[in-house]
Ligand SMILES: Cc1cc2nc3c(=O)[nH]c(=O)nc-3n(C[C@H](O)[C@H](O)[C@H](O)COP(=O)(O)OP(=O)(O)OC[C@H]3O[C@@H](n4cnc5c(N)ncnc54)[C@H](O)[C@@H]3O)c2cc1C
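As structure tokens, one chain now follows by itself in the form predicted alone.
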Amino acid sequence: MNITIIGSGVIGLSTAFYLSKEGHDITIVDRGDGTNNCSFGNAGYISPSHFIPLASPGIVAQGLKWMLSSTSPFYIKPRLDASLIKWGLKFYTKANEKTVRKNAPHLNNILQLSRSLMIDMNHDLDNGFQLETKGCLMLYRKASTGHHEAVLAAEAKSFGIEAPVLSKAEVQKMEPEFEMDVLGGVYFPIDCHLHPVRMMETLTQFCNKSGVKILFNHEVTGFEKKADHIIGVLTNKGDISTDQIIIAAGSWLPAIAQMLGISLLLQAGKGYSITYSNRPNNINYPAILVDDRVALTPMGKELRIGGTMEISGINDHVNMKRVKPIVDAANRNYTNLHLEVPAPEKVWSGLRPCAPDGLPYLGKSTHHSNVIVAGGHAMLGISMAAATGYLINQLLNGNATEIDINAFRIDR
């Protein structure tokens, strides 16, 4: 088939990885230049530990409290926007224990499948992702946070995920070069991490060698239809004939889907990251500072730190009031890390596509015979990318999918 994938992020490239092996003629279309989408600047986590959806009990009350502070990890910019209001109401109704119990097993299934597939993919591509399987630490400084993390660790064991609870001394032993000011932590050996830039470069090189056409700076303006079949993708630089459409457009997913009459609730959640290069020493383990919602990832001689969830629409504005707390949190937990707040131009920002119930959209359009939607992965794009591409390949082949994906359907 002639397959058009809209979006050159990790979801689009991972999908092309699997489909190219089936002999399809693949074209990837992207509105940008392929150098700075959300897949490049994230923490690089592959996280089966993140089986609890973003919409979870207590998050609404915590979010309202955080909104009172200009430096908080979570912020929703008030604005009169119908899609934001609908998204917010849906998020509110889904942030409860019953929904989490229903959705967590589905998140666990896709995350664990994707971890295995991503390791295989990295091996197939000569370890170009710089992937490491050493786990991740969830660190906390407050007793209340520690209790919450211990509960999550117990839930993880119900999914077969090892999650030992560590004392401060045990955490310190894992990071002997740094003075740790923490109360304790939970260690998830199942988690992995990679270098996002190396991963994206490696996948792009594979696609180029496999004959995949990647058309950067091509903005989709519409579609040519024949009954319920899409026969062409219209762009600002010409039209593309196609047999099959896969929409993997990240935070631009609703706008593209709307051109096909598909309505999706999704908001862009802005995050920031800073990469410190040529460090004389580095932390041993990736870590999430739970109290501050900040992630740290060692990448060779580079250290990347990132955080915040800012729902403020599609924009690339860098709010330094939210950047400084990320750096402060890293220095507070690793007291001799000595990181400096960078100039604004050194700060990366990206938009994570967030569905209101914390699950991705993955499945066929009910209105079209040849459209598949893949998006809404929020902060778990890399974590779910390999499984998403693999499952799309199974859908196109008419095979039963490896896991049940009904919970991810786009009309839920």
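Bear in mind the structure is a predicted one, so any value in this text is a computation, not a measurement. So that there is no doubt, residue numbering starts at 1 and follows the sequence shown.
The protein also exists as the form predicted together with the named molecule; that form is not presented, and the subsequent description refers to it.
350 is the sole member of 48, 350, 53, 360 with a non-hydrogen atom within 4.5 Å of the named molecule in the model of the complex. In the model of the complex, no heavy atom of residue 355 sits within 4.5 Å of the named molecule. In the model of the complex, none of the heavy atoms of residue 26 sits within 4.5 Å of a heavy atom of the named molecule. The closest non-hydrogen atom of residue 379 lies within 4.5 Å of the named molecule in the model of the complex. Although the partner is absent here, residue 185 lies well away from the named molecule in the model of the complex, with no heavy atom inside 4.5 Å. At a distance of at most 4.5 angstroms from the named molecule in the model of the complex, none of the three residues 63, 137 and 333 contributes a non-hydrogen atom.
Of the stretches 251-259, 76-84, 170-178, 333-341, only 251-259 has residues with a heavy atom within 4.5 Å of the named molecule in the model of the complex. In the model of the complex, the named molecule lies within 4.5 angstroms of at least one heavy atom of each of the following residues of 195-232: 218, 219, 220, in sequence order.
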